[in-house]
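A single chain comes next, written as structure tokens; it is the form predicted alone.
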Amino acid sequence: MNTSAEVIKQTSNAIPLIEVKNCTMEFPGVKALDNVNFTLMPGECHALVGENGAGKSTLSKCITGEYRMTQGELYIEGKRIRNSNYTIRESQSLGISIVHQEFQLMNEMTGLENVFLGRYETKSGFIDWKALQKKIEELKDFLEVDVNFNIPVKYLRTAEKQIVQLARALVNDSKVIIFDELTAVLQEKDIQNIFRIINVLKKRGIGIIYISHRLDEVFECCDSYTVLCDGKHINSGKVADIDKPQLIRMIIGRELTQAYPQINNKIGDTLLEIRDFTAPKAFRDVNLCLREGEVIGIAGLVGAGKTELVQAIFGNHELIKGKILLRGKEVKIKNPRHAIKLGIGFVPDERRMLGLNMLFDIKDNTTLPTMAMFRKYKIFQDKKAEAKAAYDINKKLNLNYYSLWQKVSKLSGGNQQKIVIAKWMLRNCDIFLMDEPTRGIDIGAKFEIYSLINELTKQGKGIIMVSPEMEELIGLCHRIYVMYEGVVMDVVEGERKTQEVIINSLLGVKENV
């Protein structure tokens, strides 16, 4: 079967939309890209894959003008771009847009205002809202979506916010759109809609650069692929010519013989028990227990209440009813600070907003919950001991960095996530609450996180994990609590721990016994 990009190549010898030749990008102490080549054709969806830190985002920033290549050449529609003065504004004028995983939106402004920000149409010196509304309706018809663009984006669902970002790229008359981990925060039905939109864009000759760690998506919607590893170009080709194991081998440089480590079977005493947890408009009458050495999973669709539940355990979501017991003793967790003192650590789903201080360096983020452990005479901070502890724990997690004083904002998503987990390991928490701990992480780093979870359970730690990926929950968890509209619909374990049983409960279908 010929892809649209192949048809264009065969029939018209089309000029590439993007061509990068011998791209090298150096930062102080690190070479992020080393002699990389990349080509995008009209009507092509080109997957850009690799482990965290491989250089995918750096290459996309060189294409958009956010970074200027140290060496190399960039051609847009056959025209060589002068690297010395290439900027984001120029790339946008040439029809290049990027849709980020992390939202680049003004929360207090409406979707319509966000879409046309900086390019409002005017009439008699005033913004022509009628014309803008007409354009939005045309965009909605084109995308086949029903999103309310006339309310502040803070009230929109995650998937709807992504549609706003995509609409903003389209009003720019984009010829190239970079999807940077766009589906990492979306549910399956929303992902399928994105695939449909990609196909529509391809038919119009728009080129898509698709950055993702979800390799199944590469085979579902992409025509071609490029693999990067440690900033080097490993291989490029047609997706139809390879299979998933081959792609994994190119990405991580080895066979991945086991997707999940063997589940720990040494289970101890009860660590945590919650009874009748109820919160308005979130969840009700939830009962749950966690034992030493155990991983329990929480599954549910968007709005099921799973994130609110782990937030409530951490003292960050108000309850109207419920008890919490730690090692059999009732406690009242007033706030996250109190939860931390009781030995509970929280890995949130939004690492950049909730898990890290993006203005701090690696050392400070790693030691933030444990600063009191490094005080001399209860007054002075032992900076040397702090740095050593941060170094040791991050070395254990194979963090890819060049200095402890490097800003976390300069790290890849996977390495940022490792620091979020590292700080609670350094704190020596007994209970880890993990809300989508592998979101936006490549397949190699995922296995490292899985192995780390397994190691924590062998130490007698207890883990509550929220994940949208059923395979992940089945592969890692001893027991899975399935939530539907705020209620625990089922608890599955043993032979019942199957996708069919979980899916039925996710949809509110009770199993016939």
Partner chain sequence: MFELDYKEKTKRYSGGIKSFLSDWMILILFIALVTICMLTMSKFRDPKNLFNIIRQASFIAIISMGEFFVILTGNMDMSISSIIGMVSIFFAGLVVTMGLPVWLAVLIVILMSIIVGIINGVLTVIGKMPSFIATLVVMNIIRGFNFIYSGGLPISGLPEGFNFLGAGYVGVVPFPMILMFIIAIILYVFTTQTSLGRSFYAVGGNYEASKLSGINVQFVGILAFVICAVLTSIGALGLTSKTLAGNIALGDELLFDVMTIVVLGGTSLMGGRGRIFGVVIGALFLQVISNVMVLMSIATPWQWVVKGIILVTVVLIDSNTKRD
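In this text the structure is predicted, and so the values were computed from the model without any measurement. Residue numbers count along the first chain shown, from 1.
Missing here is the form predicted together with its partner chain; even so, the following discussion is about that form.
Relative to its partner chain in the model of the complex, residues R337, L356 and K383 are all within 4.5 Å by at least one heavy atom.
In plain terms, the part of the chain that comes close to its partner chain in the model of the complex, with a heavy atom within 4.5 Å, is 362 to 370 out of 189 to 197, 362 to 370, 322 to 330, 432 to 440. Here is the short version: of K395, K130, K244, K154, the single residue with a heavy atom within 4.5 Å of its partner chain in the model of the complex is K395.
The contact with its partner chain in the model of the complex, taken as any heavy atom within 4.5 Å, belongs to K423 out of K423, H213, K161, K202. Not displayed here, its partner chain is kept clear of G413 by more than 4.5 Å at the level of heavy atoms in the model of the complex.
None of the heavy atoms of Y75 is located within 4.5 Å of its partner chain in the model of the complex. Among residues of the shown chain, Y260 is not one whose heavy atoms approach its partner chain to within 4.5 Å in the model of the complex. Put simply, Y391 is close to its partner chain in the model of the complex: some heavy atom of it is within 4.5 Å.
Applying a 4.5 Å heavy atom cutoff to its partner chain in the model of the complex picks out N316, P336, R337, I340, F346, P348, R352 from 315 to 352, in order along the sequence.
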